[in-house]
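Shown here is one chain on its own, the form predicted on its own, set out as structure tokens.
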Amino acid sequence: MTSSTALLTDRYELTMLGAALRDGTAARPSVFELFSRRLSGGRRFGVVAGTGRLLSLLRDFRFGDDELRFLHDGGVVDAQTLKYLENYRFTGSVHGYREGELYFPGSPILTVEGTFADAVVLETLALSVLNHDSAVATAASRMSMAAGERPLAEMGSRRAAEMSAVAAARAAFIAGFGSTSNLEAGRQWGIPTMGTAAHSWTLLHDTEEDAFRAQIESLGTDTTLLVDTYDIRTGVETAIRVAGTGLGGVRLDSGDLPTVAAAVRTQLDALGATGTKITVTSDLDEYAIAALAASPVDFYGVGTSVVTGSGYPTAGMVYKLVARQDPSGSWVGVAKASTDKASKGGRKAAFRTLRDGVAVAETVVVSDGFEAISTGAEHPDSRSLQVMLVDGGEIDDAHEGVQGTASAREHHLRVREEMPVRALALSKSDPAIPTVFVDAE
């Protein structure tokens, strides 16, 4: 039996729904938008992630007997609202940036259209998924660019809540990581899994040599041996003596990594193990990875930093009503005007403006109603950024599951090649390209 996702919701969404049912505004056609006012941490771009997960969760956004009983018993909503929720199905439409796409301040990442009742109850679900996954993906993309051609493995499950760890592994994979230590992420999303042994394996055995021999007998010489439980130089010598010069790799999890990696490479080559790879772990982030660019490192394993957004665990996205119909049926753009929290009203269509294949602006066309959506034909030097995700309540399942995850990864690796060189820098700065708002004609 499928679990409902309907109570992954803040209470005020249902109290607003109840009030709207009473005053007759629940059926008013509305447009909500999910966007970020700014990029966290002075980063130069953000990465959209979580869309496929959100669509699957939306599929299960139903109020069954258990959910309705909880709402009734807790006095959360009145009888009229309970009756409405019995038959709730999202029947609106969702346009959005493709998963893996880059975004900038003001980018209309998701546009949710429907009645007020249809759309208002999706706020918390949409934000909880995209804020988390996009934060991880943004950090992961920065790490991937810092790593260059060297592969990255996500190893952060022990630093996150159990299901957040699975989501984080998926987001990191979309943004350029090549594998994960998390088996559930491998099962759900088709991500290659990796992992050999921890220090406890060495400590279990009477000697380091005994531990290495047992691992080789179990996993073969292609395995990676962890050589820093005791003395690294002795560990490397023991590893090659036990496995031979065809050992797949050694892993370093401590010490001054640039210095240690150089010394280990020299030692491996002197022992004849010129093909043995060096993997480094030990609290890596994008800055540590960049600092290792000139070091003889072959593979990175990243844990805490990637699953926590490398210091920025949320993308800071918000979900706001931006347009609605008035009682006469005319569309009206609406916006919050609070200091530092202002939003821009109107429905929006977004384009990545390019010059010689390089992005120069995020162009957002604004209208009060629906005429802003276009094919991009009137923007010949631009790439349209929005796709239909849900049409009249029908979810496009191409964005879900293993297929959707792989497609998002492919899209991300392709579109980040459009960015100007300044987008690759890790220092805090303005966004790599400006967001330009223009009014629809």
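A quick note: this is a predicted structure, and the numbers were derived from the prediction, not measured. Residue indices: 1-based, along the sequence shown.
Below, we refer to the form predicted in complex with another copy of the chain, which is not included among the displayed structures.
Using a 4.5 angstroms heavy atom cutoff to another copy of the chain in the predicted complex, none of 86, 294 and 424 count as contacting. In the predicted complex, another copy of the chain stays beyond 4.5 Å of every heavy atom belonging to residue 428. When contacts are judged by a 4.5 Å heavy atom cut-off, residue 438 does not count as touching another copy of the chain in the predicted complex. Contact annotation for residue 347: none of its heavy atoms lies within 4.5 Å of another copy of the chain in the predicted complex. Put simply, residue 316 is close to another copy of the chain in the predicted complex: some heavy atom of it is within 4.5 Å.
Taking a 4.5 Å heavy atom cutoff to another copy of the chain in the predicted complex, the contact residue among 353, 238, 267, 128 is 128. For the residues 299, 331, 116, 90, the 4.5 Å heavy atom test against another copy of the chain in the predicted complex is passed only by 116. Contact with another copy of the chain, judged by heavy atoms within 4.5 Å in the predicted complex, is confined among 381-389, 24-32, 397-405, 410-418 to 24-32. Along 178-202, residues 181, 182, 183, 184, 186, 187, 188, 193, 194, 195, 196, 197, 198, 199, 200, 201 each place a heavy atom within 4.5 Å of another copy of the chain in the predicted complex.
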